[in-house]
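First comes one chain, alone, set out as structure tokens in the form predicted alone.
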Amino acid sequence: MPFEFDPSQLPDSFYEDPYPVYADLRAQSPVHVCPDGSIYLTRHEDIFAVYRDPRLYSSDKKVQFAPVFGEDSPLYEHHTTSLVFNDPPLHTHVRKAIGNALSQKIVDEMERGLETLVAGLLDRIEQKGSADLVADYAAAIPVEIIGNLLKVPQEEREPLRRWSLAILGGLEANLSDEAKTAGEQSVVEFLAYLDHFVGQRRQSLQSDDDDILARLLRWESDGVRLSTLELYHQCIFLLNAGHETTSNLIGNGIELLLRYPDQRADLMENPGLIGSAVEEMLRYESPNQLGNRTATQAVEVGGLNVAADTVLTLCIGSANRDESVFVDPEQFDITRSPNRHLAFGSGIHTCAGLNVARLEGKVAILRFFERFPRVELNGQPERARRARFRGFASLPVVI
């Protein structure tokens, strides 16, 4: 009897804990043909191979998104223009335009400001005595960091998180009319804001400005420049990519150390483990659980013949618990080494902001437990009902 699994019909239990389903898929149907004809991949080896061959596996989503959003939809315009859902040459142009603005050197220079931001947020939590660590901490940090990178004025940042959540919500399976409307409205509002904000930056741009937006405004290669809309949509993408996944990393990481007090004690005894701890958090509870590619020609994937134009879903959350790659993959171990997780993808689409995300995770999680060594949950954490992105909607604590 064939293994039954339909990613468009997920039970509530899946959102709480998808990993038993992933384990069954790896064991019984690792290259799984879904009812709609798409392929669901769960093995590390197969997913890594797809990531490494952009010639055979396209990131372009125009054909896939057209029936979901409609070609005149603001969500369609955004998601088919942003860096992550494009192949070269646009993908290459944008990566070159950003250049080394997210390099390790730039990230190191960001650390002092990040420490100040985290300290201020922790002061507020201490004054209150309790907090929802999603709203009060995990989500606040990346919005401020991305706001700084784009030089968005502090007083104009309030709607950024709402826009980001709504736009990314459009990528979930079984998109409701309400969620689609919220996503489209957020794109429209964000574009209107950027039209004003980018226009001002363009007029006031100085020769020594070296933030990401300044690089995007100046960039030209072989006579090619980003159009105004392409530039706007890369700004939206940078917020979305840097916000949702990093918020999830911080929230997931704190919850894991609350769930595993022995690992938390080891980290407090040896704070130098925070680097490997963050890598294990990324593996064990991957903030981004799913990716997609489209076969550009007939190809064999994991022993199955796949026709051209077939959509492949890459289950990162499953690959990161693959028994053939990780020893005791269901064990959370902050000293794990090596750790070949795919939380940041691989190949030409490796996350451009991975250095920023790692720094935010390390500082936010370590400083939180240093300040509040006796923190406890204050009620039941609430998982966000998302399959693509894994994080918490609410994480209440008392200090």
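Quantities reported herein were computed from a predicted structural model and do not represent experimental measurements. So that there is no doubt, residue numbering starts at 1 and follows the sequence shown.
The form predicted together with a small molecule is left out here; the points below concern that form.
**Q** Check for me whether the small molecule, as it appears in the predicted bound form, comes within 4.5 angstroms of all of Leu257, Arg367 and Phe392 - heavy atoms only.
**A** So, no: the whole triplet misses the small molecule.
**Q** From the list Thr81, Asn288, Asn252, Ser186, which entry has a heavy atom within 4.5 Å of the small molecule in the predicted bound form?
**A** Of the candidates Thr81, Asn288, Asn252, Ser186, Asn288 is the one lying within 4.5 Å of the small molecule in the predicted bound form.
**Q** Of the residues Ala352, Leu359, Val33, Val68, which one places a heavy atom within 4.5 Å of the small molecule in the predicted bound form?
**A** Among Ala352, Leu359, Val33, Val68, a heavy atom within 4.5 Å of the small molecule in the predicted bound form occurs only for Ala352.
**Q** Quick one: does Ala166 come within 4.5 Å of the small molecule in the predicted bound form, counting heavy atoms only?
**A** Judged by the heavy-atom cut-off of 4.5 Å, Ala166 is well away from the small molecule in the predicted bound form.
**Q** Does any heavy atom of Phe344 come within 4.5 Å of a heavy atom of the small molecule in the predicted bound form?
**A** Residue-level check for Phe344: yes, a contact with the small molecule.
**Q** Can any non-hydrogen atom of Arg157 be found within 4.5 angstroms of the small molecule in the predicted bound form?
**A** It does not: once the small molecule is placed as it appears in the predicted bound form, Arg157 has no heavy atom within 4.5 Å of it.
**Q** Please check if Thr246 has a heavy atom lying within 4.5 Å of any heavy atom of the small molecule in the predicted bound form.
**A** Yes, Thr246 lies within 4.5 Å of the small molecule in the predicted bound form.
**Q** Given a 4.5 Å cut-off on heavy atoms, tell me which of 232-240, 320-328, 197-205, 171-179 is the interface stretch with the small molecule in the predicted bound form.
**A** The contacting stretch here is 232-240.
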